[in-house]
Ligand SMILES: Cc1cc2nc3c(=O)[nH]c(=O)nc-3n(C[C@H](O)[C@H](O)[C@H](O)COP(=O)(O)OP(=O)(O)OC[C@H]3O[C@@H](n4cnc5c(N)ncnc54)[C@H](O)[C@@H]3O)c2cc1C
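One chain comes next, on its own, written as C-alpha coordinates: the form predicted alone.
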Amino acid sequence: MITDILELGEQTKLRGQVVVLGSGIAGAEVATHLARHGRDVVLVESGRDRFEPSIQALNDVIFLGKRHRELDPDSYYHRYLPPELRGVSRVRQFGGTSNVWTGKWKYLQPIDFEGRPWVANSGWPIDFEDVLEHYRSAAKDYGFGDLEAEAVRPEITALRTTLAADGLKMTSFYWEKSPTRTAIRFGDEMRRSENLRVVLGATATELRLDDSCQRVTAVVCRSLEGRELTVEGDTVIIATGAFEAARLLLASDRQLPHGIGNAHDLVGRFYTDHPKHHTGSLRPGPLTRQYANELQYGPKPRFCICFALDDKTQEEHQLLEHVLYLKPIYEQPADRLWRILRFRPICQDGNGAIASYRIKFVTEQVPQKSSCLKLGTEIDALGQRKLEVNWCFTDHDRRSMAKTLELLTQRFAEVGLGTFDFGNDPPTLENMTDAAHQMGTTRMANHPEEGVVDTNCRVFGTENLYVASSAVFPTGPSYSPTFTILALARRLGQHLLQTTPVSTTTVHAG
(Lines give C-alpha, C1' and ligand atoms only; values in the text may rest on other atoms or scores of the structure.)
Protein backbone atom coordinates (compact mmCIF):
# COMPACT_ATOMS: atom_id res chain seq x y z
CA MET A 1 0.00 0.00 0.00
CA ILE A 2 1.28 3.48 -0.89
CA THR A 3 -0.24 6.53 0.77
CA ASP A 4 0.70 10.14 1.34
CA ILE A 5 1.05 11.60 4.80
CA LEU A 6 -1.73 14.02 3.87
CA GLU A 7 -4.08 11.10 3.19
CA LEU A 8 -3.81 9.75 6.72
CA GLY A 9 -6.48 12.12 8.00
CA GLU A 10 -6.44 12.31 11.78
CA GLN A 11 -4.09 9.37 12.14
CA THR A 12 -0.89 10.45 13.85
CA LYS A 13 0.67 7.07 14.52
CA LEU A 14 1.61 3.96 12.54
CA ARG A 15 3.26 0.77 13.68
CA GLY A 16 5.15 -2.01 11.93
CA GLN A 17 7.61 -4.65 12.96
CA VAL A 18 10.23 -2.93 10.80
CA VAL A 19 10.45 0.76 9.91
CA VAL A 20 12.53 1.65 6.84
CA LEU A 21 13.54 5.24 6.12
CA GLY A 22 14.16 5.92 2.42
CA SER A 23 12.92 4.36 -0.83
CA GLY A 24 16.14 4.25 -2.86
CA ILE A 25 18.05 1.12 -3.85
CA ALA A 26 18.69 -0.06 -0.28
CA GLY A 27 15.38 0.94 1.27
CA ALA A 28 13.21 -0.56 -1.47
CA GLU A 29 15.24 -3.77 -1.52
CA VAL A 30 15.18 -4.46 2.22
CA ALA A 31 11.57 -3.34 2.71
CA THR A 32 10.12 -5.53 -0.06
CA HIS A 33 12.34 -8.46 0.92
CA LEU A 34 11.12 -8.43 4.50
CA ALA A 35 7.49 -7.89 3.49
CA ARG A 36 7.62 -10.86 1.10
CA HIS A 37 8.74 -13.00 4.01
CA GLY A 38 5.84 -12.05 6.24
CA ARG A 39 7.23 -9.10 8.18
CA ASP A 40 5.10 -6.01 8.70
CA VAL A 41 7.00 -3.06 7.25
CA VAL A 42 6.40 0.68 7.17
CA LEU A 43 8.58 2.54 4.66
CA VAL A 44 8.79 6.32 5.06
CA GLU A 45 9.90 8.54 2.17
CA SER A 46 10.49 12.29 2.32
CA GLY A 47 9.56 12.81 -1.34
CA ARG A 48 6.50 12.07 -3.41
CA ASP A 49 5.75 10.44 -6.77
CA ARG A 50 6.44 13.71 -8.54
CA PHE A 51 9.56 15.79 -7.99
CA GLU A 52 8.81 18.78 -5.76
CA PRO A 53 11.46 21.54 -5.53
CA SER A 54 10.27 22.57 -2.06
CA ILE A 55 10.96 19.07 -0.71
CA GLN A 56 14.24 18.82 -2.64
CA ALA A 57 15.34 22.04 -0.91
CA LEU A 58 15.51 20.09 2.36
CA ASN A 59 18.75 18.66 0.95
CA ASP A 60 20.47 22.05 1.09
CA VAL A 61 23.73 22.03 3.05
CA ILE A 62 26.38 24.58 3.95
CA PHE A 63 29.72 23.79 2.29
CA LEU A 64 32.75 24.61 4.43
CA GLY A 65 35.27 22.80 2.21
CA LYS A 66 35.15 21.79 -1.44
CA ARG A 67 31.68 22.25 -2.89
CA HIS A 68 29.65 19.60 -4.65
CA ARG A 69 28.17 20.01 -8.11
CA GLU A 70 24.83 21.79 -8.16
CA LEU A 71 21.65 21.92 -10.20
CA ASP A 72 22.46 22.87 -13.79
CA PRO A 73 19.56 22.51 -16.26
CA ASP A 74 21.98 23.15 -19.14
CA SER A 75 24.48 20.46 -18.10
CA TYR A 76 25.67 18.37 -21.06
CA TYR A 77 26.71 15.62 -18.68
CA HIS A 78 23.19 14.74 -17.55
CA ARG A 79 21.15 15.23 -20.71
CA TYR A 80 19.36 11.94 -20.09
CA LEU A 81 17.61 13.52 -17.07
CA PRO A 82 14.81 16.10 -16.93
CA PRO A 83 16.19 19.64 -16.45
CA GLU A 84 15.15 19.86 -12.80
CA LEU A 85 17.45 16.92 -11.93
CA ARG A 86 20.58 17.70 -13.97
CA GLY A 87 23.54 18.01 -11.65
CA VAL A 88 21.55 16.87 -8.62
CA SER A 89 23.33 14.21 -6.56
CA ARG A 90 20.76 13.53 -3.81
CA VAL A 91 17.09 13.25 -4.66
CA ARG A 92 14.04 13.49 -2.39
CA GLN A 93 11.45 11.70 -4.48
CA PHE A 94 9.87 8.26 -4.40
CA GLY A 95 12.76 6.06 -5.56
CA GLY A 96 15.42 8.29 -4.02
CA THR A 97 18.64 8.87 -5.90
CA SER A 98 17.93 5.87 -8.14
CA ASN A 99 15.94 8.48 -10.10
CA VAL A 100 19.16 10.03 -11.42
CA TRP A 101 21.78 7.31 -11.58
CA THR A 102 23.02 5.77 -14.82
CA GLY A 103 22.67 2.03 -14.12
CA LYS A 104 26.28 0.88 -13.76
CA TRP A 105 26.70 -2.24 -11.61
CA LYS A 106 30.13 -3.29 -10.41
CA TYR A 107 31.45 -5.57 -7.67
CA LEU A 108 34.02 -4.34 -5.25
CA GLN A 109 37.10 -6.52 -5.66
CA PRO A 110 38.58 -8.72 -2.89
CA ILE A 111 41.49 -6.32 -2.38
CA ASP A 112 39.06 -3.46 -1.85
CA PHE A 113 38.01 -4.95 1.49
CA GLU A 114 41.58 -5.37 2.71
CA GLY A 115 43.51 -2.93 4.83
CA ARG A 116 46.38 -1.28 2.96
CA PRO A 117 49.22 -0.25 5.29
CA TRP A 118 49.94 2.83 3.17
CA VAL A 119 46.30 4.08 3.25
CA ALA A 120 45.22 5.42 6.62
CA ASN A 121 41.94 4.05 8.03
CA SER A 122 41.56 1.56 5.17
CA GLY A 123 40.05 -1.91 5.30
CA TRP A 124 36.62 -3.35 6.01
CA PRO A 125 35.74 -5.57 9.00
CA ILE A 126 34.08 -7.96 6.53
CA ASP A 127 35.59 -9.47 3.39
CA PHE A 128 34.59 -10.10 -0.20
CA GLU A 129 33.18 -13.54 0.57
CA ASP A 130 30.70 -11.97 3.01
CA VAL A 131 28.97 -10.11 0.18
CA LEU A 132 29.67 -12.36 -2.84
CA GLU A 133 26.51 -14.48 -2.47
CA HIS A 134 24.45 -11.30 -2.26
CA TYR A 135 26.09 -9.85 -5.39
CA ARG A 136 25.24 -13.08 -7.19
CA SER A 137 21.65 -13.34 -5.99
CA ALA A 138 20.97 -9.70 -6.82
CA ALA A 139 22.45 -10.11 -10.31
CA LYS A 140 20.14 -13.07 -10.91
CA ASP A 141 16.99 -11.44 -9.51
CA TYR A 142 17.55 -8.07 -11.17
CA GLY A 143 18.57 -9.60 -14.50
CA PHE A 144 22.12 -8.25 -14.67
CA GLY A 145 24.80 -9.80 -16.83
CA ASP A 146 27.18 -12.26 -15.19
CA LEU A 147 30.28 -10.27 -14.22
CA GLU A 148 32.18 -13.39 -13.22
CA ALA A 149 31.60 -15.05 -16.59
CA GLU A 150 32.55 -11.82 -18.36
CA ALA A 151 35.86 -11.73 -16.49
CA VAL A 152 36.97 -15.01 -18.09
CA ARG A 153 35.73 -14.35 -21.61
CA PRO A 154 38.67 -14.98 -23.99
CA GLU A 155 38.88 -11.42 -25.34
CA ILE A 156 38.82 -9.97 -21.83
CA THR A 157 41.39 -12.47 -20.57
CA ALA A 158 43.72 -11.66 -23.47
CA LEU A 159 43.43 -7.91 -22.96
CA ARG A 160 43.96 -8.27 -19.21
CA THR A 161 47.13 -10.30 -19.81
CA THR A 162 48.51 -7.69 -22.21
CA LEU A 163 47.81 -4.86 -19.78
CA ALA A 164 49.32 -6.73 -16.84
CA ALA A 165 52.68 -6.87 -18.60
CA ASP A 166 52.79 -3.06 -18.40
CA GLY A 167 51.58 -2.72 -14.81
CA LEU A 168 47.93 -2.02 -15.62
CA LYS A 169 44.75 -3.81 -14.63
CA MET A 170 41.17 -3.70 -15.83
CA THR A 171 37.80 -4.69 -14.44
CA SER A 172 34.33 -4.82 -15.95
CA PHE A 173 30.99 -3.37 -14.97
CA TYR A 174 27.51 -4.08 -16.27
CA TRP A 175 25.56 -1.18 -17.74
CA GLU A 176 21.79 -1.57 -17.86
CA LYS A 177 19.77 -0.47 -20.87
CA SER A 178 17.28 1.27 -18.59
CA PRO A 179 18.72 2.16 -15.18
CA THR A 180 16.93 0.60 -12.23
CA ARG A 181 14.46 3.09 -10.77
CA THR A 182 13.08 1.62 -7.57
CA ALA A 183 9.75 3.44 -7.87
CA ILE A 184 9.24 1.61 -11.17
CA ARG A 185 10.76 -1.72 -10.23
CA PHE A 186 8.97 -2.06 -6.90
CA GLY A 187 6.04 0.34 -7.26
CA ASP A 188 3.35 -2.19 -8.22
CA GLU A 189 4.55 -4.67 -5.61
CA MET A 190 4.44 -1.98 -2.94
CA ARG A 191 0.91 -0.98 -3.91
CA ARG A 192 -0.33 -4.57 -3.74
CA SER A 193 1.54 -5.71 -0.65
CA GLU A 194 -0.49 -6.46 2.46
CA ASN A 195 2.63 -6.41 4.63
CA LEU A 196 4.17 -3.16 3.40
CA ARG A 197 2.87 0.36 3.84
CA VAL A 198 4.71 3.21 2.12
CA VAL A 199 4.12 6.75 3.35
CA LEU A 200 5.22 9.56 1.01
CA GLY A 201 5.83 13.21 1.86
CA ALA A 202 7.03 12.30 5.37
CA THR A 203 10.52 13.39 6.39
CA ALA A 204 12.11 11.60 9.35
CA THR A 205 13.26 14.31 11.77
CA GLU A 206 13.98 12.47 15.02
CA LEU A 207 14.58 9.02 16.46
CA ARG A 208 13.12 8.46 19.93
CA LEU A 209 14.71 6.06 22.40
CA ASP A 210 13.40 4.11 25.36
CA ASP A 211 14.50 4.91 28.92
CA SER A 212 17.64 2.80 28.52
CA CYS A 213 18.62 4.85 25.45
CA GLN A 214 19.53 1.59 23.74
CA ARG A 215 16.38 0.94 21.71
CA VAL A 216 14.71 3.15 19.14
CA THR A 217 11.00 3.11 19.89
CA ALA A 218 9.69 5.55 17.29
CA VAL A 219 10.54 7.73 14.32
CA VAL A 220 9.07 11.23 14.25
CA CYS A 221 8.18 12.39 10.73
CA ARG A 222 6.97 15.74 9.47
CA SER A 223 5.73 17.21 6.21
CA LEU A 224 6.10 20.68 4.74
CA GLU A 225 2.32 21.06 5.10
CA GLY A 226 2.63 20.84 8.88
CA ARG A 227 1.56 17.24 9.42
CA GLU A 228 3.37 15.13 12.02
CA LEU A 229 3.46 11.35 12.14
CA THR A 230 5.03 8.96 14.63
CA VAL A 231 6.03 5.55 13.30
CA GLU A 232 6.77 2.86 15.88
CA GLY A 233 8.62 -0.37 15.21
CA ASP A 234 10.70 -3.14 16.71
CA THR A 235 13.50 -2.54 14.20
CA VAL A 236 14.44 0.70 12.43
CA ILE A 237 16.57 0.87 9.28
CA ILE A 238 18.03 4.16 8.07
CA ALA A 239 18.25 3.58 4.31
CA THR A 240 18.98 7.16 3.34
CA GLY A 241 22.21 8.42 1.82
CA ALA A 242 25.33 9.23 3.81
CA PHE A 243 24.31 12.84 4.47
CA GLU A 244 20.84 12.17 5.86
CA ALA A 245 21.87 9.08 7.82
CA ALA A 246 24.43 11.14 9.71
CA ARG A 247 22.12 14.11 10.13
CA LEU A 248 19.30 12.04 11.61
CA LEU A 249 21.64 10.39 14.13
CA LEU A 250 23.15 13.75 15.13
CA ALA A 251 19.77 15.51 15.29
CA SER A 252 18.29 12.86 17.60
CA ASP A 253 19.96 14.44 20.62
CA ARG A 254 17.15 14.99 23.14
CA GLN A 255 18.12 11.94 25.17
CA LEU A 256 21.77 11.57 24.16
CA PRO A 257 23.37 15.04 23.98
CA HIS A 258 25.72 14.20 21.11
CA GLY A 259 23.21 12.14 19.13
CA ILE A 260 22.68 8.42 18.65
CA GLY A 261 25.69 6.20 17.92
CA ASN A 262 28.04 9.10 18.55
CA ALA A 263 29.64 8.18 21.86
CA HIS A 264 33.07 8.44 20.23
CA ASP A 265 32.38 11.48 18.03
CA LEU A 266 32.47 9.45 14.80
CA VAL A 267 29.05 10.11 13.28
CA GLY A 268 29.53 12.27 10.20
CA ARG A 269 33.30 11.76 10.10
CA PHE A 270 35.43 10.01 7.48
CA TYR A 271 33.26 11.48 4.72
CA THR A 272 34.49 10.55 1.25
CA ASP A 273 33.29 10.85 -2.33
CA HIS A 274 34.95 10.18 -5.69
CA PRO A 275 36.37 13.37 -7.22
CA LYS A 276 36.12 13.02 -10.99
CA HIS A 277 37.37 14.77 -14.12
CA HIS A 278 35.75 14.14 -17.49
CA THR A 279 37.04 16.58 -20.10
CA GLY A 280 40.27 14.85 -21.18
CA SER A 281 40.65 12.82 -24.35
CA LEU A 282 42.65 9.84 -25.60
CA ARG A 283 43.97 9.48 -29.13
CA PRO A 284 43.63 5.73 -29.74
CA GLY A 285 46.70 3.56 -30.20
CA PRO A 286 47.06 0.11 -31.78
CA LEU A 287 45.83 -1.82 -28.73
CA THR A 288 42.74 0.36 -28.52
CA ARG A 289 42.06 -0.24 -32.20
CA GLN A 290 42.48 -3.98 -31.66
CA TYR A 291 40.01 -4.08 -28.76
CA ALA A 292 37.68 -1.26 -29.83
CA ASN A 293 34.64 -3.52 -29.66
CA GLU A 294 35.39 -4.25 -25.99
CA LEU A 295 35.49 -0.52 -25.27
CA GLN A 296 32.05 0.30 -26.66
CA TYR A 297 29.56 2.14 -24.47
CA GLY A 298 26.55 1.10 -26.54
CA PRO A 299 24.21 -0.37 -27.35
CA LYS A 300 23.16 -1.20 -23.81
CA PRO A 301 22.82 -3.45 -21.92
CA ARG A 302 26.45 -4.39 -22.11
CA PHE A 303 29.65 -4.94 -20.20
CA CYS A 304 32.16 -2.08 -20.12
CA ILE A 305 35.74 -1.73 -18.91
CA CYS A 306 37.63 0.56 -16.56
CA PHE A 307 41.40 0.78 -16.10
CA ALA A 308 43.77 1.30 -13.16
CA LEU A 309 47.35 0.79 -12.11
CA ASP A 310 47.92 -2.74 -10.89
CA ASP A 311 48.03 -3.63 -7.20
CA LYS A 312 51.83 -4.02 -7.17
CA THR A 313 52.31 -0.50 -8.54
CA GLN A 314 49.84 0.98 -6.08
CA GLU A 315 51.72 -0.63 -3.18
CA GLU A 316 55.15 0.29 -4.53
CA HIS A 317 54.24 3.97 -4.87
CA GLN A 318 51.75 4.02 -1.96
CA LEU A 319 48.89 5.05 -4.21
CA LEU A 320 45.13 5.01 -3.86
CA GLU A 321 42.85 3.18 -6.33
CA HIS A 322 42.22 5.73 -9.09
CA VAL A 323 40.24 4.52 -12.12
CA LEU A 324 40.04 5.66 -15.73
CA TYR A 325 37.07 5.18 -18.08
CA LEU A 326 37.09 5.61 -21.88
CA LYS A 327 34.00 6.73 -23.80
CA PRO A 328 34.11 6.55 -27.63
CA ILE A 329 33.56 9.82 -29.48
CA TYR A 330 32.58 9.00 -33.05
CA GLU A 331 33.93 10.69 -36.16
CA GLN A 332 32.24 13.61 -37.82
CA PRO A 333 33.00 14.34 -41.52
CA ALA A 334 35.79 16.76 -40.57
CA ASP A 335 37.37 14.14 -38.30
CA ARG A 336 37.34 11.59 -41.10
CA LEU A 337 39.00 14.04 -43.50
CA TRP A 338 41.63 14.94 -40.90
CA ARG A 339 42.41 11.25 -40.34
CA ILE A 340 42.68 10.47 -44.06
CA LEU A 341 44.93 13.46 -44.81
CA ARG A 342 47.30 12.38 -42.05
CA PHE A 343 47.25 8.70 -43.08
CA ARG A 344 46.15 7.63 -39.61
CA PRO A 345 44.66 4.13 -39.26
CA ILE A 346 40.98 3.89 -38.51
CA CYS A 347 39.73 2.95 -35.06
CA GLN A 348 36.31 1.39 -35.40
CA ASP A 349 33.85 -0.48 -33.21
CA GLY A 350 30.38 -1.84 -33.92
CA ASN A 351 28.91 1.66 -33.88
CA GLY A 352 31.26 3.38 -36.32
CA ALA A 353 34.65 5.08 -36.70
CA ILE A 354 36.06 6.63 -33.53
CA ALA A 355 37.71 10.03 -33.54
CA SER A 356 38.90 9.83 -29.93
CA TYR A 357 37.88 8.66 -26.48
CA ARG A 358 36.68 10.95 -23.72
CA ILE A 359 38.56 10.24 -20.51
CA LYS A 360 36.78 10.12 -17.18
CA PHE A 361 39.29 10.00 -14.35
CA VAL A 362 37.80 9.05 -10.96
CA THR A 363 39.77 9.06 -7.72
CA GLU A 364 39.62 7.30 -4.38
CA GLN A 365 39.97 9.46 -1.29
CA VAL A 366 41.80 8.77 1.97
CA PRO A 367 39.26 8.40 4.80
CA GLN A 368 40.08 11.05 7.43
CA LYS A 369 38.21 12.34 10.48
CA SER A 370 38.47 16.00 9.47
CA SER A 371 36.47 15.37 6.26
CA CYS A 372 33.15 15.50 8.01
CA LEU A 373 29.56 16.61 8.40
CA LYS A 374 28.12 18.38 11.43
CA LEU A 375 24.93 20.16 12.39
CA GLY A 376 25.04 23.88 11.76
CA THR A 377 22.93 26.74 13.05
CA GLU A 378 20.97 27.44 9.87
CA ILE A 379 17.43 26.02 9.90
CA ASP A 380 15.49 24.41 7.03
CA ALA A 381 11.77 24.62 6.26
CA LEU A 382 11.00 21.86 8.79
CA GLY A 383 12.89 23.63 11.55
CA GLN A 384 15.79 21.17 11.33
CA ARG A 385 19.43 22.19 11.55
CA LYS A 386 21.15 22.10 8.19
CA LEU A 387 24.34 20.14 7.70
CA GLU A 388 27.69 21.83 7.39
CA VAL A 389 29.91 19.80 5.06
CA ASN A 390 33.68 20.02 5.24
CA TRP A 391 34.76 17.87 2.29
CA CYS A 392 38.55 18.05 2.37
CA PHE A 393 41.64 16.17 1.27
CA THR A 394 45.10 15.16 2.44
CA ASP A 395 48.57 15.55 0.98
CA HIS A 396 48.39 11.81 0.29
CA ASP A 397 45.33 12.41 -1.94
CA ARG A 398 47.22 15.01 -3.97
CA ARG A 399 50.46 13.03 -4.28
CA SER A 400 48.59 9.88 -5.22
CA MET A 401 46.55 11.53 -7.93
CA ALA A 402 49.54 13.27 -9.53
CA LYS A 403 51.68 10.13 -9.52
CA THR A 404 48.83 7.97 -10.84
CA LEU A 405 48.25 10.33 -13.75
CA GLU A 406 51.96 10.32 -14.54
CA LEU A 407 52.15 6.52 -14.54
CA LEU A 408 48.88 6.02 -16.43
CA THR A 409 50.01 8.45 -19.13
CA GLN A 410 53.30 6.59 -19.49
CA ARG A 411 51.87 3.06 -19.41
CA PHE A 412 48.91 3.76 -21.70
CA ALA A 413 51.38 4.95 -24.33
CA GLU A 414 53.79 2.04 -23.78
CA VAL A 415 51.15 -0.67 -24.01
CA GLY A 416 49.59 0.92 -27.10
CA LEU A 417 46.30 2.18 -25.66
CA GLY A 418 47.03 5.73 -26.79
CA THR A 419 48.05 9.21 -25.68
CA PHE A 420 46.26 11.53 -23.27
CA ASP A 421 45.30 15.14 -23.94
CA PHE A 422 43.96 17.20 -21.06
CA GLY A 423 44.51 20.50 -22.84
CA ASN A 424 44.60 23.44 -20.43
CA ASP A 425 42.51 21.59 -17.85
CA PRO A 426 44.52 18.71 -16.36
CA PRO A 427 42.85 16.95 -13.42
CA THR A 428 43.36 18.52 -10.00
CA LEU A 429 41.31 18.15 -6.86
CA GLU A 430 40.34 21.80 -7.29
CA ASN A 431 38.75 21.39 -10.75
CA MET A 432 37.23 17.94 -10.23
CA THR A 433 33.59 17.45 -9.27
CA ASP A 434 32.02 15.01 -6.84
CA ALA A 435 30.62 11.77 -8.28
CA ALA A 436 27.44 11.74 -6.16
CA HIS A 437 28.97 8.81 -4.27
CA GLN A 438 28.69 10.01 -0.67
CA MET A 439 30.26 7.45 1.68
CA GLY A 440 31.69 6.78 5.11
CA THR A 441 29.73 8.97 7.54
CA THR A 442 28.57 5.97 9.64
CA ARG A 443 31.47 3.69 8.84
CA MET A 444 31.47 -0.03 9.62
CA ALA A 445 33.92 -1.33 12.22
CA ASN A 446 34.54 -4.13 14.67
CA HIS A 447 34.53 -1.80 17.66
CA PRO A 448 32.62 1.40 18.57
CA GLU A 449 35.92 3.25 19.06
CA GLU A 450 36.56 2.76 15.32
CA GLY A 451 33.18 3.29 13.68
CA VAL A 452 29.44 3.80 13.96
CA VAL A 453 27.94 0.46 12.87
CA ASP A 454 29.01 -3.15 13.42
CA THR A 455 29.46 -5.84 10.78
CA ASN A 456 25.68 -6.34 10.58
CA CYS A 457 25.20 -2.58 10.05
CA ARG A 458 23.69 -2.16 13.54
CA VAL A 459 24.46 1.18 15.16
CA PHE A 460 26.79 0.70 18.13
CA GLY A 461 25.07 1.39 21.45
CA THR A 462 21.63 0.40 20.13
CA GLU A 463 19.83 -2.91 19.95
CA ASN A 464 17.53 -2.33 16.98
CA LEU A 465 18.83 0.50 14.77
CA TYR A 466 20.57 -0.23 11.45
CA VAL A 467 22.02 1.76 8.54
CA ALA A 468 21.69 0.47 4.97
CA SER A 469 23.58 2.73 2.58
CA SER A 470 27.07 3.69 1.45
CA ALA A 471 27.28 5.65 4.71
CA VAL A 472 28.69 2.42 6.21
CA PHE A 473 31.57 2.09 3.69
CA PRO A 474 34.93 2.33 5.51
CA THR A 475 36.65 2.92 2.16
CA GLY A 476 35.32 3.29 -1.36
CA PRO A 477 37.35 2.47 -4.47
CA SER A 478 36.76 4.68 -7.47
CA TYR A 479 33.65 3.20 -9.03
CA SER A 480 29.93 3.08 -8.45
CA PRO A 481 29.01 1.93 -4.93
CA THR A 482 25.46 0.93 -5.93
CA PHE A 483 25.98 -2.82 -6.34
CA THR A 484 27.62 -3.00 -2.92
CA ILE A 485 24.81 -0.93 -1.39
CA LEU A 486 22.35 -3.44 -2.84
CA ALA A 487 24.39 -6.44 -1.66
CA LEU A 488 24.66 -5.05 1.87
CA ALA A 489 20.91 -4.35 1.93
CA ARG A 490 20.27 -7.97 0.94
CA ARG A 491 22.70 -9.14 3.58
CA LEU A 492 20.92 -7.05 6.21
CA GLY A 493 17.54 -8.39 5.08
CA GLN A 494 18.76 -11.95 5.56
CA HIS A 495 20.11 -11.09 9.00
CA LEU A 496 16.79 -9.57 10.08
CA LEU A 497 14.80 -12.55 8.81
CA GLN A 498 16.74 -14.63 11.32
CA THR A 499 15.99 -12.27 14.21
CA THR A 500 12.46 -11.01 13.44
CA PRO A 501 9.52 -13.41 13.79
CA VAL A 502 6.81 -13.67 11.14
CA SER A 503 3.90 -11.39 11.99
CA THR A 504 0.36 -12.67 12.46
CA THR A 505 -1.08 -9.28 11.57
CA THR A 506 -0.54 -6.76 8.83
CA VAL A 507 0.78 -3.25 9.16
CA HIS A 508 -1.81 -1.12 10.92
CA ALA A 509 -2.55 2.41 11.99
CA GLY A 510 -2.44 3.29 15.64
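All figures in this text were calculated on a predicted structure; none of them were measured in a lab. All residue numbers refer to positions in the sequence shown, first residue = 1.
Not on display, but discussed next: the form predicted in complex with the named molecule.
Each of 45, 437 and 482 comes within 4.5 Å of the named molecule in the predicted bound form, counting any heavy atom.
Looking at 116-124, 313-321, 152-160, 98-106, the stretch with residues near the named molecule in the predicted bound form, meaning non-hydrogen atoms within 4.5 angstroms, turns out to be 98-106. Although the partner is absent here, residue 364 sits far enough away that none of its heavy atoms falls within 4.5 Å of the named molecule in the predicted bound form. The closest non-hydrogen atom of residue 404 lies beyond 4.5 Å of the named molecule in the predicted bound form. The named molecule is not shown here, but in the predicted bound form it comes within 4.5 Å of a heavy atom of residue 80.
By the criterion of a heavy atom within 4.5 Å, residue 89 is counted among the residues contacting the named molecule in the predicted bound form.
The contact with the named molecule in the predicted bound form, taken as any heavy atom within 4.5 Å, belongs to 93 out of 262, 371, 93, 195. 204 is the sole member of 190, 204, 408, 347 with a non-hydrogen atom lying within 4.5 angstroms of the named molecule in the predicted bound form.
Residues of 130-145 that come within 4.5 Å of the named molecule in the predicted bound form, judged by any heavy atom, do not exist; none qualify.
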